[in-house]
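Listed next as structure tokens is one chain, alone, in the form predicted on its own.
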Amino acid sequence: MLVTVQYVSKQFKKHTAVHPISFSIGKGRCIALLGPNGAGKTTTLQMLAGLLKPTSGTIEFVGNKQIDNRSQIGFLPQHPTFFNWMTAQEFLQFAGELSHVPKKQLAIRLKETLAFVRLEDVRNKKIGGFSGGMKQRLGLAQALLHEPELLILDEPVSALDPTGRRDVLQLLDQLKSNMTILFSTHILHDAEQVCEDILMLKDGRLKWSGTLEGLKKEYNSLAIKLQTKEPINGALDQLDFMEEIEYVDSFTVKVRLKSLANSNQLVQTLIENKRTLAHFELLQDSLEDAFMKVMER
């Protein structure tokens, strides 16, 4: 375990942004923090990064008794700010000095980090001329420069075009083997691509904490898509082992069963009703389906 969060909350005057939440972050894991706008994601990340002091509760790095853990953290805010008159190399030199990276080590890390985020060829170009994707990769570079144990990213791809999103997600996928990553997003497909663990917030309350596979398993429904050569309407309406039925068109239906064992009986019913089965498909719920179920509970 790398970080333990116990009953952490944050209140701004009379508004409670985050109610007491508790969870842990495993070493070497990639965790997605999910939730709608206003759920408390940014506030939670800023408390973890040491930028906001919790109203109550504790945040502990395992094995580190220091109160200030910021040297172990790399942080990329949702809207990173740069000095546009600086070059990429000058900005990272400045960031490295602020992070107290030793001079000799900083020279090596500058070269390695610029190469990793694919900005080596534009290291002497002024940041004012960078695209949004290039700026986001530069922001990621400053968060990585001091080789943190925990990398925290607030909506790292939300403002990017598809190419920029793909680039940043590929970099995160490469980083997973070297450090622990926690990032917030409202783009569920991105979380599904790179993360192993999921945290879900709604109205400042933690609604789910666990693995991605565990989430899908717990909230997966037994759904089947059927297609027949003859119109299917009415052939399945009287079955008591179905939880839900959705007619896609006259020949296609999606059904949710109480048990997968009922699937044979479902097919038998079609045959008895003189319907010829043309297509049978087990449907796996997506992360979006599981997310909506958690948010509704």
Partner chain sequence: MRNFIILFNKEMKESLRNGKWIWLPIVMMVIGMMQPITSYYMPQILEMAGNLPEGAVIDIPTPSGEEVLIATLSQFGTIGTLLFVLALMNVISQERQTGAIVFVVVRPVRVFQYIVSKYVAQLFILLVAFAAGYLFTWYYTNFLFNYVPWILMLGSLGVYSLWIVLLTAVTLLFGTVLRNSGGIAGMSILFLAMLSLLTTLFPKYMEWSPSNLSTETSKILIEGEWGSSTLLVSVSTLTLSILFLGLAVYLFKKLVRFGN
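Residue numbers count along the first chain shown, from 1. Throughout, rigid core stands for the largest set of C-alpha atoms superposing within 1.5 Å between the two forms. What you see is a predicted model; the values in this text were computed from it and never measured.
What comes next is about the form predicted together with its partner chain, which is not displayed.
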Among 163-171, 223-231, 96-104, 204-212, which stretch has residues whose heavy atoms lie within 4.5 Å of its partner chain in the model of the complex? 96-104
Residue (of S158, S131, S71, Q193) lying close to its partner chain in the model of the complex, criterion heavy atoms within 4.5 Å: S71
Would you kindly say which of E218, E112, E90, E149 lies with a heavy atom within 4.5 Å of its partner chain in the model of the complex? E90
Verify the flagged residues T4, R29 and T55 against its partner chain in the model of the complex: is each one within 4.5 Å by a non-hydrogen atom? no
Would N262 count as a contact of its partner chain in the model of the complex, using a 4.5 angstroms cut-off between non-hydrogen atoms? no
In the model of the complex, does M86 come within 4.5 Å of its partner chain, counting heavy atoms only? yes
Determine whether any heavy atom of L51 comes within 4.5 Å of a heavy atom of its partner chain in the model of the complex, and answer yes or no. yes
Interface membership of Q142, its partner chain in the model of the complex, 4.5 Å heavy atom rule: yes
Its partner chain in the model of the complex - contacting residues of 112-137, heavy atom within 4.5 Å: K126
Once you overlay the rigid core, does the Cα of G210 travel 2 Å or further between this form and the one not shown? no
